[in-house]
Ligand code: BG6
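Take a look at this single chain in structure tokens; it is the form predicted alone.
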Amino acid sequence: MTSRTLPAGFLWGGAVAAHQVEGAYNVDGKGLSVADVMTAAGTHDERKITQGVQPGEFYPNHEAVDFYHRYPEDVKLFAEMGFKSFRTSIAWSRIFPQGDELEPNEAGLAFYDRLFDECHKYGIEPVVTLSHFEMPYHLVTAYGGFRSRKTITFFTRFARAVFTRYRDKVKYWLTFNEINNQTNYDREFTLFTNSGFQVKPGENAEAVMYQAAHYEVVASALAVQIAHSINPDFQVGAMVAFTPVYPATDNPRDVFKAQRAMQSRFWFSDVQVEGQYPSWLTHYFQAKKYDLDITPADLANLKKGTVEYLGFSYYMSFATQANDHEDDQFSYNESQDLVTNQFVPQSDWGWQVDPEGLRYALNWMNDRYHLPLFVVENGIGAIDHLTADHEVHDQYRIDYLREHIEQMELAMTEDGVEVMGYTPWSAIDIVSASTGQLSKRYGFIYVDRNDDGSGSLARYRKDSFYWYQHVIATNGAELNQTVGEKDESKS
């Protein structure tokens, strides 16, 4: 590949989420979150959601990789890689343990003071997500999560507290992580982690999802307004999981089905960027007879609280095909309407690996939103093997990231797309959100912890650590560096 020059100040880094790394689930006043009541699962299994913490069950997020106590060591490793930014989240239940208190928990606020100070010590800019699948569990049991309009108030109170506390320590914010995952409304995990509710017998899951999601986009818009009242220099973005949905064939019905799939997945960012609902969706609500609680005040706040950039995750692409019994709306049900794309390979977890889809995604969003874009997650979960001399030869990860960075750079240098930064998932090995596994590894840093919770938690640099270090040092100009002998003094 020809060397391509990226702009100075490009935010190279890495990403994690608080609940997947921190552990210390009941330390310093932290309350239970939705992540704390999900058990471990297997490669193709769904995590079980329990009623509170139950004896005899294993909850991998309770300890995770103990970043809460080991963050100075880990941030130092991030600095060694050359990170310019570090995306993480603030665990909502560290700040408001039950979620509905009037005053925040000082011990929780103080932890993030220490973490952000440690980042700044090395010149690393924090990129902070407010809600990353970490809703306080009490809001689920007492209010039904975002089923309730009251949860908007609880969220904005949390947002105000952290915006105020870190007004001089954090510049870049994201409101809700992968808010559009709940497009897959037949999946219990996505509704519970995104919106804090489970579907009751006889309920229309899609209708409940749309109501909860409406309250979330209103909460996001209010948070943007609060942020700018506290610090006008804050940059507040939305965040979606970007999975392009291609038509399986050139049959016009398949093309329209794919278009409706894209509309269904990305109305969330449409509203957060444009400040209004797309017309197809308001007609869809009418056709489906969904009588949602959407007030004139809500619509006014959506207009006032639009975001300044769009962050997104990119892991894979989808494909879809129209069926023989489509309704007039070509209604998209993600759990039923996806088909295998024969032109792209799959990961060990069945994810369709499509580097060129990232360039397509960047162009699609650039054409639609005309805002700076930020690749805040991109990576591959894989089974890594630690050698006897504590090395991990993860060429497969290097290949995946190199091919995606190449496509990102083409979008920037050939297509004129403005990209703020690139923070791969993940900076360090984490607990997988979807399966609870540690064996589904993403990080540049290997953590000695197994799926059953055993292990020393020692950290080891993978080959990808040294490769990415060189990528950052050359500002993305050299992506084909071969990882050779390491400096043993750093191991």
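Keep in mind it's a predicted model, so treat the numbers as computed, not measured. In case it trips you up, residue 1 is the first one in the sequence shown, and so on.
The same protein has a further form, the form predicted in complex with this ligand, not shown here; the description that follows concerns it.
All of 157, 216 and 226 with a heavy atom within 4.5 Å of this ligand in the predicted complex: No, the whole trio is out of contact, none within 4.5 Å by any heavy atom.
Pick from 251-259, 93-101, 201-209, 170-178: which stretch has non-hydrogen atoms within 4.5 Å of this ligand in the predicted complex? Of the stretches listed, the one contacting the partner is 170-178.
Though only this chain appears here, would residue 377 touch this ligand in the predicted complex if you measure heavy atom gaps against 4.5 Å? Looking in the predicted complex, residue contacts with this ligand include residue 377, since a heavy atom lies within 4.5 Å.
Would residue 442 count as touching this ligand in the predicted complex under a 4.5 Å heavy atom rule? Yes.
Contact between residue 242 and this ligand in the predicted complex at 4.5 Å, heavy atoms? Looking in the predicted complex, residue contacts with this ligand do not include residue 242, since no heavy atom lies within 4.5 Å.
Would you please decide whether residue 430 lies within 4.5 angstroms of this ligand in the predicted complex, comparing each non-hydrogen atom pair? It does: once this ligand is placed as it appears in the predicted complex, residue 430 has a heavy atom within 4.5 Å of it.
Please identify the residue among 425, 68, 466, 446 with any heavy atom within 4.5 Å of this ligand in the predicted complex. Partner contact (heavy atom, 4.5 Å) among the options: 425.
Name the residue from 246, 315, 400, 163 that puts a heavy atom within 4.5 Å of this ligand in the predicted complex. Result of the distance check: 315.
Heavy atom contacts to this ligand in the predicted complex at 4.5 Å, residues of 128-154 in sequence order: Residues within 4.5 Å: 132, 133.
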